[in-house]
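Just the one chain here, laid out as C-alpha cells, in the form predicted on its own.
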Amino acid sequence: MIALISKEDMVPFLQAVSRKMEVVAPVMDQGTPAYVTWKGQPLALEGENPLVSPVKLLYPQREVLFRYIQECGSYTFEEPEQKARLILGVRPCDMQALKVLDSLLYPEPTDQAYQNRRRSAVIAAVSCVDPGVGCFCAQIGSGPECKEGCDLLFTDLGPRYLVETFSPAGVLMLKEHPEFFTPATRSHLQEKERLLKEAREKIVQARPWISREGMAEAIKNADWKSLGERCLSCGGCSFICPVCHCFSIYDQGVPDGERVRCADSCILSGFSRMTSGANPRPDPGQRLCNWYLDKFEYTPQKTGHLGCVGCGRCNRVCLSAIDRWSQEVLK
C-alpha cells in the first residue's frame, strides 16, 4: 500500500496517533536532533541523523528487567509494563541494526525485555535522501534505502512524503486515518528511486576507500599495537553504536529492589578481566582488534549480517579521530 501525505498534515496526523499511543520522533534539542516523546514540537526528519540511535529506545543503555519484593521469606517479581508507541524517523542504518539485534536476541533463550519492547512499537522509517557527511551505509549494504523491517516508510519528495506500508500494523495506521493520505502513483516511486540513487552516489564518493572486503583485509594486516596507542579506551564507540549489545547486570536493593541491566563495552579494560585478576586482552590494541573482529567477522558468522551498519556515529564521538586513522589503514 502506497500513499502521499503533505508535510502540513504530518502534525495533525501525529496528533491523532498520539491519542492512542506515545509518539517518539526526532526534534531539535539544544541545536541537535534527538529522539524524544513528541508533544507538537517541529520535526527534524531531514538533515543529520540523531547521535543517539532510536535503537536505544528498544535496547536501552540502562533498564530495569524486573522488580522483586520480599514478604515473609518469599519473593514476588514484577516486570515493567511496555506501552504502545510509534517511533518515527528511523533511518535505514538503524533499521539494519534492529535486524542484527533481532537475529541475536530473538533466538532461544529469547531476550524477553527486548522482545516486549520490539512488539509494542510501530516503526516508521524514513528513506535517507540527504545522508550525513560521516555516513558509509551504501558501501556495506545497509542504506540509504530501507526495504524491510519497518511498518511504515516515509520518503521526502519535497512538499510531501511518499508513504509505504510493510506490515499489517502499517496498513491499519493508514486505514485508521484516511483523511490525511492521498493515492500515490508510479511516478512518485520513480522519484523516490532517483533521489536514493543520488544519495547512494554521494555516500560512496565521500568515502570510496571503504568496502566490506577492504575492511576484512585491513583487520588482518593492521598494526593493532600502534592503533591501540592512539585509542583512549573510553568505550564511546561501543556505547553510541546501535549494534553493540554487551551488558552487565546487577541487583539494587535488599530485601526489596530491582535487577538492572546496563550497557558495557569490550573496549574497556575491565570487560574481559577475570575474578583472579587475569585479563586475556590487557592491551588497548587487542581490545580494539576484538571490537573490529566482532563487527566484521564474529557477528556475520552468528547472524549473516555485519555488526556495523555504516551510521558513522563512532567517528562522531571518537576523541582520537577514528575516521582519520581508519583512512590510513584502508587506503
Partner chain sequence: MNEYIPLQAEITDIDRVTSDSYLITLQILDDVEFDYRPGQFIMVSVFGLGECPISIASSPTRGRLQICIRRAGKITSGIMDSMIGDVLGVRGPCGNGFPLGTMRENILIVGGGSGFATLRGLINYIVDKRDDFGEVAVVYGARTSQDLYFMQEYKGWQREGIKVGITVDVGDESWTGNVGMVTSLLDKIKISPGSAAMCGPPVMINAVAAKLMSMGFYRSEIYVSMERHMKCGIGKCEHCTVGPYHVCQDGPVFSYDKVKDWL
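Numbering follows the first chain given and starts at 1. Computed from a predicted structure; not experimentally measured.
Here the subject shifts to the form predicted in complex with the partner chain, a form of this protein not shown in this document.
Just to confirm, S74 within 4.5 Å of the partner chain in the predicted bound form by heavy atoms?
Close contact exists here: in the predicted bound form, S74 approaches the partner chain to within 4.5 Å, heavy atoms only.
Mark R273 yes when one of its heavy atoms lies within 4.5 Å of a heavy atom of the partner chain in the predicted bound form, and no otherwise.
Judged by the heavy-atom cut-off of 4.5 Å, R273 is in contact with the partner chain in the predicted bound form.
Is K56 close enough to the partner chain in the predicted bound form to count, meaning some heavy atom within 4.5 Å?
Because no heavy atom of K56 falls inside 4.5 Å of the partner chain in the predicted bound form, the answer is no.
If you check in the predicted bound form, is I249 within 4.5 Å of the partner chain, heavy atoms only?
Judged by the heavy-atom cut-off of 4.5 Å, I249 is in contact with the partner chain in the predicted bound form.
Among 162 to 170, 143 to 151, 211 to 219, 238 to 246, the region lying within 4.5 Å of the partner chain in the predicted bound form by heavy atom distance
Stretch with heavy atoms near the partner: 238 to 246.
Listed residue that, although the partner chain is not shown, lies within 4.5 Å of it in the predicted bound form (heavy atoms), from Q205, Q190, T110, T182
By the 4.5 Å heavy-atom cutoff, the listed residue in contact is T110.
Answer with one of P280, G304, G40, G47: the residue that has a non-hydrogen atom within 4.5 Å of the partner chain in the predicted bound form.
Only one option qualifies, and that one is P280.
If the criterion is a non-hydrogen atom within 4.5 angstroms, does every one of L14, V133 and D156 touch the partner chain in the predicted bound form?
No: no residue has a heavy atom within 4.5 Å of the partner.
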